[in-house]
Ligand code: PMP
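Heads up, the chain below is alone and in the form predicted on its own; it's given as structure tokens.
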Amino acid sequence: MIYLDNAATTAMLEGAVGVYQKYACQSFYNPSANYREAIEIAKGLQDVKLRLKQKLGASVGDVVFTSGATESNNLAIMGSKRNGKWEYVFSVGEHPSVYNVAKELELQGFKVHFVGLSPTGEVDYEMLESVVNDRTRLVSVMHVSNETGAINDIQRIVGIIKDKTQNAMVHVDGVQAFCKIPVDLDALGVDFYTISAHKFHGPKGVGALYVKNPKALKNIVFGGGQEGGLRSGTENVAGIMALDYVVENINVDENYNKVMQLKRLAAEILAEDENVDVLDVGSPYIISVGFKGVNGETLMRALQDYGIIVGMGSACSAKKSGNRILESMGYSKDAVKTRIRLSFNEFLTEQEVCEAANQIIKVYREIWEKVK
């Protein structure tokens, strides 16, 4: 099998599996308990936070461990919510775990602005500037698009916001960025940053939210007061330690260069067919590809018979019709239906990528001949 849906999830590193097993089966103690072994676990979690902050490039603030991106995004947005005539700003390109929270804020009576995208998939910076004002409470924009790989200029976005108001906080969904492209939160100047372990070869069910100023956040889960009171519930120690192992053993720059070569290779092969539209922007880990006259889902299903796994965009919204992200970029509903997403990892070989790209073209042409 050649797996090209790494934006949906990734396989755990073997070393991370061993770490997970150790903390699930041997060092399994509850970090909230008071005996020596548990206290050592609690200290270990604090050490992970310090290492994670260092990898994020954050010299201040704290890290809150969560169950993953959805919880982290909800905590950042709903936890920073306050009563009053506040306004919120989101891009239309956000993951459902942000976009649907924005829709919930609308239902609660808050004024919510949705900022469109450019043809390359980045946020429309001019539109963003036009909607930010002194009533803006929070702006939430993802770092790397899970649909297209487009990279938003977070420093530029923060600059736009701070030029308009000092009241607004900035949340960034960094799920497709962290451990894939360089991240320096001190330089970016954001208030909240979301990560999820299973997107970079860690386990599912564990993630984190970086919080620049914990006092700006209120808990949305109530219980025993773990994570400084911001996220009650016994920590997923095995998952956190496995996450830590991956973060400490991943080489972002080396992987970036390798995966960029893999993406370019795939893009070149696919683009040889004049009926194939390759959207090659931003991150080396993701490309969106359209196939004239053929439904993307039909192609995806046909490729499975050849052991090639591709995606249809966000796994959290794959069963819904339409695509607000691609449509905001200017693609028609019919064009959206012809697209698939290829997403890579550093363990793929050039041979595998070439084989997959050539097979995709072959299967596409076979289907095209039948339907044209």
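Predicted model only: the values in this text are computed from it and were never measured. Just count from 1 along the sequence shown to find any residue number.
If you look for the form predicted in complex with this ligand, you will not find it shown, but the lines that follow are about it.
With heavy atoms only and a cut-off of 4.5 Å, decide whether S283 touches this ligand in the model of the complex. No, S283 stays farther than 4.5 Å from this ligand in the model of the complex.
Report whether the minimum heavy atom distance between L303 and this ligand in the model of the complex is within 4.5 Å. No, no contact at 4.5 Å.
Considering only heavy atoms, tell me if M142 and this ligand come within 4.5 Å of each other in the model of the complex. Close contact exists here: in the model of the complex, M142 approaches this ligand to within 4.5 Å, heavy atoms only.
Quick one: is T70 in contact with this ligand in the model of the complex, heavy atoms, 4.5 Å cut-off? Heavy-atom contact with this ligand at 4.5 Å: present for T70.
Tell me which of 110-118, 239-247, 70-78, 266-274 has residues with heavy atoms within 4.5 angstroms of this ligand in the model of the complex? Among the listed stretches, the partner-contacting one is 70-78.
What residues in 72-100 sit within 4.5 Å of this ligand in the model of the complex, counting heavy atoms only? Residues within 4.5 Å: N73, H95, S97.
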